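First, one chain by itself in structure tokens, the form predicted alone.
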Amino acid sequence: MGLNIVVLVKPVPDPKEPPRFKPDGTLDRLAMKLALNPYDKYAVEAALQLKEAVGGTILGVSMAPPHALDALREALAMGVDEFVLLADKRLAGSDTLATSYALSMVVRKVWSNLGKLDLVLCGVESSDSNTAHIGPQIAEWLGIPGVSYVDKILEVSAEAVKVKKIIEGGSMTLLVKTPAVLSIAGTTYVPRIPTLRDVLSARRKSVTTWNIDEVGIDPARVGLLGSPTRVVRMWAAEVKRKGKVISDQDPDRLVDEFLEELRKDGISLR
């Protein structure tokens, strides 16, 4: 039984570098180094383990500008077979609703091309917005089951997939009819690190780029035009720390002074 799996991945600002902002307060993504969304690596690893267990094909899908392809190639280096990039200037400014609509249309086209689709996997959220909207919204657009915060894919067949889902205070096991959308939490899967050979071979793997016309996406439903919400301003959090140095040769007096300073700051010790 070979599975046809679509993995959704996103380029995000490299967390190792400080964010850069435009004068209007939005992220200047062109000025920042991009990296593969860390949460999406868990989804890629889950797909790879399924393929190793039962066989099949893994197709990566992303909505991003063309310059983000270098960051997205990490998914190919990890083991994704092919990649589809939805790139179009008319997508700029899309909120999660517009983004999920556009990605769902790409999945529909891929589904039609493959003839069979078993699973759509994605990270539970992205590190640059942390909304956790995309997976559930895509499931709604496609009209198929969706499960968020999947800890582990336990079993999969041609008709259903059994998953362990994280809930408050524990977990639950669900049997879900396929095709289905699963948002993978970073709790069980450990993303593999590509070797140099993997990185080089990723450069030779197939990458297809589509614009919104080729996918059949309504331009009035994406970008700023089709987004009910938009980012008005973003800024880096200011960290203000104040420190006090207490010194005294007498340890007992030192402790008393320390406790007194805590009381002055409104900290109650019981």
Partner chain sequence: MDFTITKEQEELKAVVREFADKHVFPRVVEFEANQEIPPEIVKEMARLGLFGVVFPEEYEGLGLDPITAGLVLEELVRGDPECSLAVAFLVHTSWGHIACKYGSEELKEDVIKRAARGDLWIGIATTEPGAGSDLTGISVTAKKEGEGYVLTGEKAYISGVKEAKEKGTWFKDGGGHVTLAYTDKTKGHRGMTLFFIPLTDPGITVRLEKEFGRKGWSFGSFTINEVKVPEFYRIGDEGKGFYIAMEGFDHARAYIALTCAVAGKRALEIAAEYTKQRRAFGQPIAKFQGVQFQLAEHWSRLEAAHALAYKALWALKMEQEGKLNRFEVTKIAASAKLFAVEAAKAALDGAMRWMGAFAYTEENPVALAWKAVKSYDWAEGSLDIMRLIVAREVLGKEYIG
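No experiment lies behind these values; they were computed from the predicted model shown. Numbering follows the first chain given and starts at 1.
Only in words, not in the display: the form predicted in complex with the partner chain, which the text now covers.
K.L.:
With heavy atoms only and a cut-off of 4.5 Å, decide whether T173 touches the partner chain in the predicted bound form.
P.N.:
Because no heavy atom of T173 falls inside 4.5 Å of the partner chain in the predicted bound form, the answer is no.
K.L.:
Contact between K89 and the partner chain in the predicted bound form at 4.5 Å, heavy atoms?
P.N.:
Answer no; every heavy atom of K89 is more than 4.5 Å from the partner chain in the predicted bound form.
K.L.:
Does the partner chain get within 4.5 angstroms of any non-hydrogen atom of T195 in the predicted bound form?
P.N.:
Contact check for T195: yes, within 4.5 Å of the partner chain in the predicted bound form.
K.L.:
Please determine whether R73 contacts the partner chain in the predicted bound form, using a 4.5 Å cut-off between heavy atoms.
P.N.:
Although the partner chain is absent here, R73 would touch it in the predicted bound form, with heavy atoms inside 4.5 Å.
K.L.:
Which among 197 to 205, 44 to 52, 216 to 224, 57 to 65 is in contact with the partner chain in the predicted bound form, heavy atoms within 4.5 angstroms?
P.N.:
So the stretch in question is 197 to 205.
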